[in-house]
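Encoded as structure tokens, the following chain is the form predicted on its own, with no partner shown.
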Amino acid sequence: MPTRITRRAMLRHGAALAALALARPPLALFGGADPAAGAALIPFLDAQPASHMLKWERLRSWITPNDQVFAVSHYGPAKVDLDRWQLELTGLVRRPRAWTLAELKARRRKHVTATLECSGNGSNPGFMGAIGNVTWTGTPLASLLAECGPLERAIEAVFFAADDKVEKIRERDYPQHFARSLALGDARREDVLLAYEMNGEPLPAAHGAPLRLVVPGWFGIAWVKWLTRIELLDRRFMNRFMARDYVTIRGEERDGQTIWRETSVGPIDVKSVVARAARLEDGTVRFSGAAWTDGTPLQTVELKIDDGSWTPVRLDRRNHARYAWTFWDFDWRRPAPGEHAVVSRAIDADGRVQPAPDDPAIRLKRTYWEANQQWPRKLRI
């Protein structure tokens, strides 16, 4: 089970964090070429992401530019005829409907800043940058559902995409469109969007143009791209990407036995990363990074250097959105020369702690999805 921290300890952490915040003025964490004036970046010695994804040491801004946001597809990229495209809402509804893109854009616009993270992010040292923080613009899905009038027995909304492939199921071939589902209660959240803009620009083809689903607080697999149809069902939808792939196998030790369970990948886990290290003019090493959750408020982030104790960092609350990452920094004064290891852990308001690699929550996980273990970084002073 996830590691938890007591309320008493949470209060101690909060007091220490408040003292730290009062002791130092606000800093421009990633505002320029260097983390602070006169700073020199210290390269990390561990492996860095090699493919097209976020390079942590180059992180400059709270919002990730479109060309730096990773893109993953399973059947895509899809070829969409924009002149003929429309979105259908069918199934267990009283008033099935279809909308053109122009009709969707004419509806109420909503902006949501949310961190998009691949559920495999963090599964190995070379796959640590499949994440980005983006402002999405679209129209709330909830109002479309309400207008169509879901029947009382409808429990699930299935989101079908334009990309397709032939899948072998029980030794037979079946043409399949990529699809994922949400419980109807989750789909009715006011912040779930049908998005057509990304950071104020038209949604790029690689990110699902003309329309993609945005589910703040959930892993990217739920954010269906190239969306064409929504269908309401009265039973669970169980395709490859709900029932076979993107299923986490995790063990729990109870009374001398290991109980194994399989769960569908859904909400994001509590997580943080040490993104950069820089030497300031006075010799101080400033660590900076990011932390994020499924929307549960972030309580604190702690840092450990070598075999030292966990120490609260300073959280930058100037840029804040419920489903967006939070930047943080920590000053290491009088660092000793030589090689060192530094690691962070995030703790949310429910007491969930980002686990160490040997924590049972990680040690007994047999699939690479939902890898939120702490990521130690190595550097030489």
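Here the structure is a predicted model, which means the values were calculated and not measured. All residue numbers are counted from 1 along the displayed sequence.
This protein has a second form, the form predicted in complex with a small molecule, left out of what is shown; the following refers to that one.
The small molecule in the model of the complex comes within 4.5 Å of no heavy atom belonging to residue 99. Under a 4.5 angstroms non-hydrogen atom cutoff, the small molecule in the model of the complex has residue 161 among its neighbouring residues. Of the heavy atoms in residue 271, none are within 4.5 Å of the small molecule in the model of the complex.
For the chain shown alone, residue 169 is not a contact residue for the small molecule in the model of the complex, no non-hydrogen atom being within 4.5 angstroms. Only one of the listed residues (206, 154, 80, 89) places a non-hydrogen atom within 4.5 angstroms of the small molecule in the model of the complex, and that residue is 206.
This chain lacks the partner; the member of 116, 275, 215, 194 within 4.5 angstroms of the small molecule in the model of the complex by a non-hydrogen atom is 116. Proximity to the small molecule in the model of the complex, taken as heavy atoms within 4.5 Å, picks out 223 to 231 from the listed stretches 303 to 311, 137 to 145, 275 to 283, 223 to 231. Using a 4.5 Å heavy atom cutoff, none of 287, 332 and 378 lies near the small molecule in the model of the complex.
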